[in-house]
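Single chain ahead, written as structure tokens, the form predicted on its own.
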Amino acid sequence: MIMLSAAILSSCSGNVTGNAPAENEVIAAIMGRRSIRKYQDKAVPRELLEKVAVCGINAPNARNAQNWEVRIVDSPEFIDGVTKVFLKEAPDAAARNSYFKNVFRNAPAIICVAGAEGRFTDIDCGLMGENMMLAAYSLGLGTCCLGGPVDLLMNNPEARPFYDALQFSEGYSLRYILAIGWPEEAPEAKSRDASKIRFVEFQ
């Protein structure tokens, strides 16, 4: 018989945030990372963007199939061009957001992740994304995982040339986009419900 134990690790009881002390650098990065939506108007060196992407492709993946492709974009022409298409769809977006710069949460660069069809591709791409976000944080960079611009790039005819410019292989489709740049904010951690964690007792 399987029973869910109500006992939770004492260090994780109740609501927890990422402000708790960490015992090592990896845990510190996990607990300290935030989604960043305000970025400095400052380019990210390509060697750092590449380092983040390399950390991504070193994520675990099923059967080492590596059913992903990564495209890094730091072209203002690309970012501004997609933003112009977005503003045609949502002309009041800039008015509603006083710090609006672009559709990618104002970041100066983006990392686009595509995946091939496959049973485990979504999981593999998700693991890759977390690797990249933690690597970016460790380098002093901020990130935000985006889905909205994916729909824009894939479904808006005016945005299609930008999507095509990413040159994903046949059979691959865009899964998410990471905004990445130097953060201009330090948001507080949102609480997490640690009661979702339980030990399973099997008797």
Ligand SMILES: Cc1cc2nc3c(=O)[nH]c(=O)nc-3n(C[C@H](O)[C@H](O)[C@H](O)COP(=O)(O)O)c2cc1C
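It should be emphasised that the depicted structure is a prediction, and the values quoted were computed from it without experimental measurement. Start at 1 with the first residue shown and count on from there.
Below, we refer to the form predicted in complex with the named molecule, which is not included among the displayed structures.
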_Please determine whether Ala59 contacts the named molecule in the predicted complex, using a 4.5 Å cut-off between heavy atoms._
no
_Quick check on Ser35: any heavy atom within 4.5 Å of the named molecule in the predicted complex?_
yes
_Does any part of Leu146 reach within 4.5 Å of the named molecule in the predicted complex? Heavy atoms only, please._
yes
*Stretch in contact, per heavy atom within 4.5 angstroms of the named molecule in the predicted complex, of 147-155, 40-48, 166-174, 65-73*: 147-155
*Give, in sequence order, every residue of 169-199 that has a heavy atom within 4.5 Å of the named molecule in the predicted complex, or say none if there are no such residues.*
Lys190, Arg192
